[in-house]
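This document starts with one chain, in the form predicted on its own, laid out as structure tokens.
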């Protein structure tokens, strides 16, 4: 195969047999089968497994093409595969339990072979089924604290940090986020879509220049604040888990950006799940109890993150920041920025492009409008009032108090 030739279900098996994965995972047994996985929009994905032991002897093969495979007119940088490989390696160094194992990387053909998480479920799908994960707050809070602290100026020397930043510039995928998250949803743009029943609420957002200015402050922060190596797409669709394990996947959007962007993206998707339970949890008691669990999950995740981050800073931080008062201000600002970035993530999923399963699986237009309106109001409350928030409890209370504006009076 040439460097740019797309794999198929036969050639991916042929490729596996040429790598050490064939002996390491499959013991050299020639009983392989492959299946293309349709979930991805950007990369080709295949599951290659043994006919006789498809659970334990199975891998995921991910190939980057010079375009998004589902949207061939959308050109994509091939270097994203190298970035994903290097980020997974760095994350594995600091939080190995929360990332899939890497088996093979081919920089010339842009192919990455990793552990098959076939005993895990995409977190978004689990939340839509009201599954409770007892360890996820500890796992994700710890993952964010460790991966973000160890790639920040609080730990790295100035020279080490500045040497790392150029390796993860990622301009094309950052531009995607700049447009789809921080620009297009706040104006008339052909990429935007929303429930037509919410037209008055959406038009109000488009006409609110104060809101737009708040978003643009976050956009400028996103574009200029190279605080740490962030995942840059950390949502419940990028997490696979079960009751015992949690794995963060797909870091190909990674670059050095604001720490709060990762935290905000994650809690935003918990808040989106909260709003969408209007449909997914049909029983009123189940809905109320699960929403309270999600609210507690937001609190617990932040507290695990804050405690772990500050502990690392105290014990392993460099000597360039000798001020307890600065640490307190740093965490306070991080919380407020987290709410801002969380709001931007929610709004792009509700009135922009790249909507999520939580809502587009709702076939009842009235219930979908109610659910989405709750989400919009959580986001607007967080965005406009974030500077008044001094604890995660206050942020969650704002979420719990947000109601639907639909039906409009």
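Residue numbers count along the first chain shown, from 1. Just so you know, these numbers come straight off a predicted model, no measurement behind them.
The form predicted in complex with a small molecule is left out here; the points below concern that form.
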For the three residues 79, 164 and 174, which mark the spot I'm curious about, does each lie within 4.5 Å of the small molecule in the model of the complex through at least one heavy atom? no
Under a 4.5 Å heavy atom criterion, is residue 47 part of the interface with the small molecule in the model of the complex? yes
I'd like to know whether residue 337 contacts the small molecule in the model of the complex, with contact meaning heavy atoms within 4.5 angstroms. no
Contact of residue 278 with the small molecule in the model of the complex (heavy atom, 4.5 Å): no
Do residue 62 and the small molecule share at least one heavy atom pair within 4.5 Å in the model of the complex? yes
At 4.5 Å between heavy atoms, only one of the stretches 289-297, 244-252, 221-229, 320-328 reaches the small molecule in the model of the complex; which one is it? 244-252
Considering the small molecule in the model of the complex, which of 310, 205, 156, 114 comes within 4.5 Å of it through any heavy atom? 114
Among 29, 41, 36, 361, which has any heavy atom within 4.5 Å of the small molecule in the model of the complex? 41
